[in-house]
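Next comes just one chain, in structure tokens: the form predicted on its own.
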Amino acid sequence: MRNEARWGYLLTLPFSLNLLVFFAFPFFFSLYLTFTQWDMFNAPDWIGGRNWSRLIQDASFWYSLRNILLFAAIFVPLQTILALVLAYFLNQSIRGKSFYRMLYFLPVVTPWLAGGTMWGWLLNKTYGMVNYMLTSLSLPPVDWLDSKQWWLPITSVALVNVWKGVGSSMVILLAAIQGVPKDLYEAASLEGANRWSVFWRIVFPLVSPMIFLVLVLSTISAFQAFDVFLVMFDSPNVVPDSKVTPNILIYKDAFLTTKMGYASAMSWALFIVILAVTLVQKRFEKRWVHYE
């Protein structure tokens, strides 16, 4: 038995070392850094709770939380609903089903640099295709990305992020829908149920655990949004408060001004926000998710 235990420890040693070195140590070291001032070149200097008190008074950080909350409120439900609808219809017997699946998944593998540049052109106030269509309908052009209304650029970026991420959520939900027993579809057909009844009374309850998974993953992804804002707007040094996100502030303080202590405090604050939102989602899980 001891020999088997030794072999067990030996075989799991690479995973254990990976967990300790690349996950556990950075996790607790970053918590320690929140109470220090560190420029990455000299030893950390213990300053107590000054980073946290500065964080509470930092208007830019609260603006970034406001922006990312609006971004998540638009992105998460819209992407989940759209992915569920696409997965349901692409599971039907329609012509060119494989082509449509590939078409909707294509943005997932498109680099943000190419996708963001393309959407930047489309949403440009002067020569963008979207404003061209609006003016063709005798509607005024809209400054999608540089509007003085702070919510409009955030909403535009959230919609672009839906375009980029809906394919991956669709694949997860499509796999769940394909797992629904065909006997249930046949029984519903014999009872004369229409497509809406089949979807709402059979498909939705059975795939609700995967819908909940998509919601949680999308929420975490939304709060960690970084590259989409970086590509759609500008470099971290010149992003105004109306367009900034927590991850851009963290990147700026950590790697451009080497204030690792304050950047760690912002990272932990963002972690607490994500944890709180996830716990709220978990709180309401039993009301609509069916596991049997």
Partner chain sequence: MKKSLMTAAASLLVVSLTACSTGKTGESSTNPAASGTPQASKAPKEMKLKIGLPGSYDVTKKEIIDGFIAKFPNIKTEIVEAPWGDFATKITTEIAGGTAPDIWFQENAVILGYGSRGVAEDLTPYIKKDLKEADYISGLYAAKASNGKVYGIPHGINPVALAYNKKMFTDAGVPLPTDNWTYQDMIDTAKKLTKDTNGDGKPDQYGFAASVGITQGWYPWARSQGGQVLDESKTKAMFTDPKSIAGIKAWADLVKTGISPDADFLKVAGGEWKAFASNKAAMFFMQYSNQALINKEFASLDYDTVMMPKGADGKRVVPIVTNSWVIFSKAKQDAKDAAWEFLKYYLSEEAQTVLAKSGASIPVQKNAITKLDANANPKNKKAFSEGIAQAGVTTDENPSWQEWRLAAQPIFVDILGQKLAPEEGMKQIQDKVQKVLDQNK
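Given the structure is predicted, the values throughout are model-derived calculations rather than measurements. Residue numbers count along the first chain shown, from 1.
Form predicted in complex with its partner chain: not shown, discussed below.
- Interface membership of Ala254, defined by any non-hydrogen atom within 4.5 Å of its partner chain in the predicted complex, is confirmed.
- Shown alone here, Gly48 lies farther than 4.5 Å from its partner chain in the predicted complex, counting heavy atoms only.
- Mapping the unseen interface onto this chain, Val239 counts among the residues with a heavy atom inside 4.5 Å of its partner chain in the predicted complex.
- Its partner chain is not drawn, but in the predicted complex it has no heavy atom within 4.5 Å of Trp200.
- Only one of 97-105, 147-155, 165-173, 79-87 places residue heavy atoms within 4.5 angstroms of its partner chain in the predicted complex, namely 147-155.
- Proximity to its partner chain in the predicted complex, defined as a heavy atom within 4.5 Å, singles out one entry of Trp121, Tyr185, Tyr132, Phe204, which is Trp121.
- This chain is displayed alone, yet in the predicted complex one of Phe15, Phe284, Tyr9, Phe25 has a heavy atom within 4.5 Å of its partner chain; that residue is Phe25.
- Contacts with its partner chain in the predicted complex, taken as any heavy atom within 4.5 Å, map within 18-44 to Val21, Phe22, Phe23, Phe25, Pro26, Phe29, Leu33, Trp38, Asp39, Met40, Phe41, Asn42.
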